[in-house]
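Below sits a lone chain in structure tokens, taken as the form predicted on its own.
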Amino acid sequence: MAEATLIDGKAFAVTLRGKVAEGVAKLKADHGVTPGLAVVLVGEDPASQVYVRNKGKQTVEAGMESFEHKLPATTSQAELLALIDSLNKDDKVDGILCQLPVPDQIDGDTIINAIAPEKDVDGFHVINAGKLATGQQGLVPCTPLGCLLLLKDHLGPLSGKSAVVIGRSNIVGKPMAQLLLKESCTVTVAHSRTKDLPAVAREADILVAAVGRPEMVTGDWVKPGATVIDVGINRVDNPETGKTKLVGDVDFASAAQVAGAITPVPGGVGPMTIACLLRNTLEAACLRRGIPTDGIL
């Protein structure tokens, strides 16, 4: 069997960011509105710092306003809640994102649910999660949305396909399952307690791996011809170079021999997350003002 088709998330994200920039320009021209994204970072986590810097850069490139708030690791929960309250009230801010994880003295769920649901561009607020679960319009988590866009671009209509999501986090696994249900897939959510996980995975036309365990899903877990979406980003030691390298939750080499299509790591799902964040910010700017998204999104 030929090696799997590579699903190029990097290229798709460039196209999506271009469409967002066009939508931002139209929103400015027709309604005089410039979308604004506020990103809050608490502490000095190096990976988070890089991520926040990339978000700010791409926000400005899309024609939006970027508001960065970098707080010390000693920031109290009350101080962070006060900042979020001020951002909720700031009309220039359409989207608010608090970079996770936050330091131990702060409760992540409390912070997420303090963000106004209409500005929750991460899609994590309990109201947006509820809207997704009940099929109502709300802001959708960026990584699962990016996965869905890649799947629809590659496969077309997903109706009737069997999908297995490995992982049940609130950030990826659960919303991914809800999005696939909305597309009329038959969805199984599998996890660490699933009996005979490889056998369950082998039933999938669409296999989404989001567990945070390096190269856990091997080729013998994959149904021949299946589409594999690898959400994992794991740093592991590379004995050949003595440095760390990025790998996914899927053993790419073996899975690519069986799958019909697969996302690489890096260059697959990762770039889609920020692109979808920008898309969500544009959508929030429209929805907050009652502006129809037709022709903009």
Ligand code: NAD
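Since we're looking at a predicted model, the values are computed, not measured. Each residue number is its position in the shown sequence, starting from 1.
Separately, the form predicted together with nicotinamide-adenine-dinucleotide exists; it is not shown, and the next lines address it.
Q: Which is the contacting stretch out of 73-81, 189-197, 103-111, 176-184, given heavy atoms within 4.5 Å of nicotinamide-adenine-dinucleotide in the predicted complex?
A: Stretch 189-197 is the one.
Q: Verify the contact flag for residue 216: yes if a non-hydrogen atom of it lies within 4.5 Å of a non-hydrogen atom of nicotinamide-adenine-dinucleotide in the predicted complex, no if not.
A: Yes, contact at 4.5 Å.
Q: Using a 4.5 Å heavy atom cut-off, state whether residue 167 contacts nicotinamide-adenine-dinucleotide in the predicted complex.
A: Although nicotinamide-adenine-dinucleotide is absent here, residue 167 would touch it in the predicted complex, with heavy atoms inside 4.5 Å.
Q: Is residue 127 close enough to nicotinamide-adenine-dinucleotide in the predicted complex to count, meaning some heavy atom within 4.5 Å?
A: Close contact is absent here: in the predicted complex, residue 127 is far from nicotinamide-adenine-dinucleotide, nothing within 4.5 Å, heavy atoms only.
Q: Is residue 211 close enough to nicotinamide-adenine-dinucleotide in the predicted complex to count, meaning some heavy atom within 4.5 Å?
A: Yes, residue 211 sits close enough to nicotinamide-adenine-dinucleotide in the predicted complex that at least one of its heavy atoms falls within 4.5 Å.
Q: Would you mind picking the one in 41, 256, 233, 33 that has a heavy atom within 4.5 Å of nicotinamide-adenine-dinucleotide in the predicted complex?
A: Comparing distances to nicotinamide-adenine-dinucleotide in the predicted complex, the residue within 4.5 Å is 233.
Q: Looking at 116, 155, 133, 171 here, can you tell me which has any non-hydrogen atom within 4.5 angstroms of nicotinamide-adenine-dinucleotide in the predicted complex?
A: Looking at 116, 155, 133, 171 one by one, just 171 meets the 4.5 Å heavy-atom criterion.
Q: Could you list the residues in 267-282 that come within 4.5 Å of nicotinamide-adenine-dinucleotide in the predicted complex, counting only heavy atoms and keeping sequence order?
A: The stretch 267-282, when checked against nicotinamide-adenine-dinucleotide in the predicted complex, contributes 269, 270, 273 at the 4.5 Å heavy-atom cut-off.
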